[in-house]
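Two forms of the same protein chain are encoded below as structure tokens; each is given separately, as structure 1 and structure 2.
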Structure 1
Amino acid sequence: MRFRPRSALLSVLCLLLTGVTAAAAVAKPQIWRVGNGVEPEDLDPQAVSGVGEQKVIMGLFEGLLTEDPHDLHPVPGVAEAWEVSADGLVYTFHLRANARWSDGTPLTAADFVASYQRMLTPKFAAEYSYLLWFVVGAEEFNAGRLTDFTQTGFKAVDARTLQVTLNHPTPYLLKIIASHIAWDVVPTRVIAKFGPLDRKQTGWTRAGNLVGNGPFVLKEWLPNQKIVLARNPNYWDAATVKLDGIEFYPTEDIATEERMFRTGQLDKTNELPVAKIDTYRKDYPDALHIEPWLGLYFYRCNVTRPPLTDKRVRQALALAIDRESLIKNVVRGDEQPAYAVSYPGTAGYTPTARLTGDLAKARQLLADAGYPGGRGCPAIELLYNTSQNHRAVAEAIQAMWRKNLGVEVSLVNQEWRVYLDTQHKTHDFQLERSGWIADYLDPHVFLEIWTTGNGNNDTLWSNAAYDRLGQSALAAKDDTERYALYQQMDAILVDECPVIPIYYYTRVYAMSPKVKGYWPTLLDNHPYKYIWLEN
């Protein structure tokens, strides 16, 4: 055999190269690149209200409690333990000794009290401050009726003990604390360096300025381009954090976002265009994700406008929708048909009451209301916000009502904020498309809305029995008793039909199969510290 120096050299080179690439693969930083939908308005947990902001903030800040990555039940965050008094009014949180800010300074109970004071300061005008109103004096302080914050129920007993006293028992409070950024802690000491605590535009949330306490820190923020997070070495649970960084991309156009995913610029999209679902099913089944999401798509009735004043008409309309066909042919995201208001399986609660009855019953109800075969039924207008998807749903349902009941419904659309004004302020509609996405994982979220005077009711429907049940539920001694009361509330909603449930949402997105430690959850929250990328 002849010695061939050329090939020997080549094989040495090859060996070297593989060695180099292997080393590169090991050393390659774990950067998770995600589509975020919107450009965050800000990264101050107390100054924002949207989901896109919350997604980034969840990497930068951590509250007293945080979420389990599988089912989002509250698990220790900054607080390593907590007790609730027997009457359900006093919550005592024990902060962990190694809780620190990202600049290394210790995190104390006083930081939490100062944060909540800032959140509730009227001049600061936080939009989500009402999530703190369960606490004694919080609402009064926020409305300016109380000026001494020490009179409220927030108390730093010592550096590591925080005590919170409530107005009335709030059985779902721990779930709010775990899931909502309104209860996060902010570094008031740092914020004060950039301007008054009660101002929003001080620039403390810019890269280089922002100090947080979450698993990641803010490394770079290029507006409308990307937000880069890097690992926070001072995080108490830094050993669990697997990613070296996260890059959030503001992807306002979902078609662009999908193309970014296909060129490998993103590991996960925020959404996926409905038109792409079938292609992904066929070509990239590993990347397609369709997961249940704690949200309801429904039509809201204004019960003061005939013929919707008659509950039989509302029931007939609710029964005459073929939800399965609508989902299969129009919405097409594997949504779950909704026959009740509450989401089945919310923290162990599934409504037993449901809309039941066939088309014959629907026609009978309409005839009983005085409109046999739809004859004599006053004109009904259905309002939706301008969007192709909502129009498609509205047109399908319009056709179903025409065919099944003989009822003519006309469609009207308004631009988003005009439509919201109509919904909240003028109530100048008969039927209105709506959606409701839960902020925390408890059946309370879908039921509290319909109580009398709730700012999001907007149906002008009011039911004394329903309101009483809602009050009793808050005082219930345990979840079994509470959920039993919720069953009665759901039964009233199904019977009265102030809202017509249509389907429960799903999240449809594309994600690279190399993303691990990511589980589908009902709120679409995914604690980032458990996520990692497989090489």
Structure 2
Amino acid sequence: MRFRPRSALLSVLCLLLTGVTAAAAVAKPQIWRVGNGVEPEDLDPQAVSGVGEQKVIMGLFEGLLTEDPHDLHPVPGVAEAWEVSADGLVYTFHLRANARWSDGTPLTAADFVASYQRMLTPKFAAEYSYLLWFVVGAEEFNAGRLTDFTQTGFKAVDARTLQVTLNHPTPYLLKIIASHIAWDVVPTRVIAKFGPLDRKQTGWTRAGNLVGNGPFVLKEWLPNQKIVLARNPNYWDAATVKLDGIEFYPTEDIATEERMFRTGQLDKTNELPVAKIDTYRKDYPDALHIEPWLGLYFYRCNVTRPPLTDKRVRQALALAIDRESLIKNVVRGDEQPAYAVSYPGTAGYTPTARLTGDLAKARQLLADAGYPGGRGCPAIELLYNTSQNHRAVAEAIQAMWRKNLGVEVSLVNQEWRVYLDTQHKTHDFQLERSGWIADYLDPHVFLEIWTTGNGNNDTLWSNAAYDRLGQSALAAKDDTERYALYQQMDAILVDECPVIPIYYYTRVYAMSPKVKGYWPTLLDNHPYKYIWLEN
């Protein structure tokens, strides 16, 4: 009789120990470690333009809508439902009753209105303010022609109802709201504690200061080391979030990033050194990912700097690039050569205009501009942001221009933040390495940025006919009419060459097979609340 209780006791102890072991396994933190490419300039959704910044911000903030993780179609975010008027001009968004800021404060429609007012304030000079210009009065307020924000199309009907009135029907508006951080809400009441609302980089985005409304909160920011996010317990959909945290590492040195992945310090790289792609194809095929990416790799011309003031010089440089050789021998990630600006097949649109001509035409154009064989051509400097891959491309194109045109181009690299200042603020460059990743799934995204006054048109190029076509496209009655206008805009870009298209991106990176809930998407957006790690 004594034996049976002892046996039972041992059984209970075993069960308890097993339970503790299982609990420990379950309790193991799910921390996703990611190479981010760059040290973010800031984490203010309204003040940044780079992909590296946006990747972190996507975990900290959420807008009215968010994206389906498989194909990125718009799904409810802070807004649980919405209606669109019959004429397509009035959007009414109904906010969730449990929508809160990370500090527990209720999130209201007035927060969205205040956010959009800050985004459009002229002095703030948000580069993506044009993504709100579809709204009545938004462009006028942004330009300073309208000073009363209550006269715009943003209206808080009540605490949980936001109404947005447009200038004209915009069938892709919901895609923009879901995909781009420009439509996110920011905590203006918190921002105001650190300085004027119309000033950038006031310190409100640092750890301990930042208040967001996304699935994660900012736990730690060690400049040039890592950014650490932790679960946000006040997020409306906290039950869906599987990761306990995300660690973003600045990895401009992609050779170091690749070593960090091989040694288990990273679960995903931002990219791979081009020299390593074939090795991964052979030795690590389960980790190698090469996926379509809705983006253009190009060189931006400052059309105010000689000799790039002459479009014949720009055309000659564009025609003298052997894109097929560059893709095969240098970048090696299954990219496609680009002979136009718009990405072929975007929402059913493919540009018909394209760069055409051989080396003989390129040389003739250069001679017609007054530089036969490159003789007498002023010095040209090509700026790129620090990266082994960007340097490899630049060196290959530099050699092509020297051999094919007799034009000498010097290369200069700058760290990310300095590069952004040069591009956006001082425009102190002649040629600049650039990339444009679509903000939403519509061809308009590749054409709108070259209009006069656009916050991302850093070429300083302006064309009245192009601007008129852009305005007409916004008012087009259907996609057939709209796409016909886009064809004319693409033709102007090919003729004027303010930008030199080089190739259409693919996303090339390494990722551990244990990462789940991460699906290939054309925008390379991946809602973090669906991602988890297999133990």
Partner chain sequence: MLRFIARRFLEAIPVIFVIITMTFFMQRFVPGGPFTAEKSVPPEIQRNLDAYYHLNDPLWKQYTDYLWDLCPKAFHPGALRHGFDLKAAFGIDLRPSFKYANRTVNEIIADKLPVSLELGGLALGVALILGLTAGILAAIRKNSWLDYLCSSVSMTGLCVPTFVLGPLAVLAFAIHFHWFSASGWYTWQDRVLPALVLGIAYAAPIARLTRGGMLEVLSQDYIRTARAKGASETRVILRHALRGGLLPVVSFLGPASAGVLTGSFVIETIFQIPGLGREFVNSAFNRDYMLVLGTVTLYAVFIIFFNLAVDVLQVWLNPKLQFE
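Each form is matched to the other, and the largest set of C-alpha atoms that superpose within 1.5 Å is called the rigid core. All values reported here derive from a predicted model rather than from experimental measurement. When a residue number appears, read it as a position in the sequence of structure 1, where counting begins at 1.
Asker: Look at both copies of the chain and name the one that is the form predicted in complex with its partner chain.
Answerer: Here the form predicted in complex with its partner chain corresponds to structure 1.
Asker: In degrees, what is the turn of the smaller rigid part relative to the larger one between structures 1 and 2?
Answerer: Value for the rigid-body rotation reads 32 degrees.
Asker: Report, in Å with one decimal, the C-alpha displacement of residue 422 between structures 1 and 2 after core superposition.
Answerer: Value for residue 422 between structures 1 and 2: 13.6 Å of C-alpha shift.
Asker: Taking the rigid core as fixed, quantify in angstrom how much the C-alpha of residue 334 shifts between structures 1 and 2.
Answerer: Residue 334 C-alpha displacement between structures 1 and 2, core-aligned: 2.5 Å.
Asker: In Å, how large is the CA movement of residue 346 between structures 1 and 2 relative to the superposed rigid core?
Answerer: Residue shift at the C-alpha: 4.1 Å.
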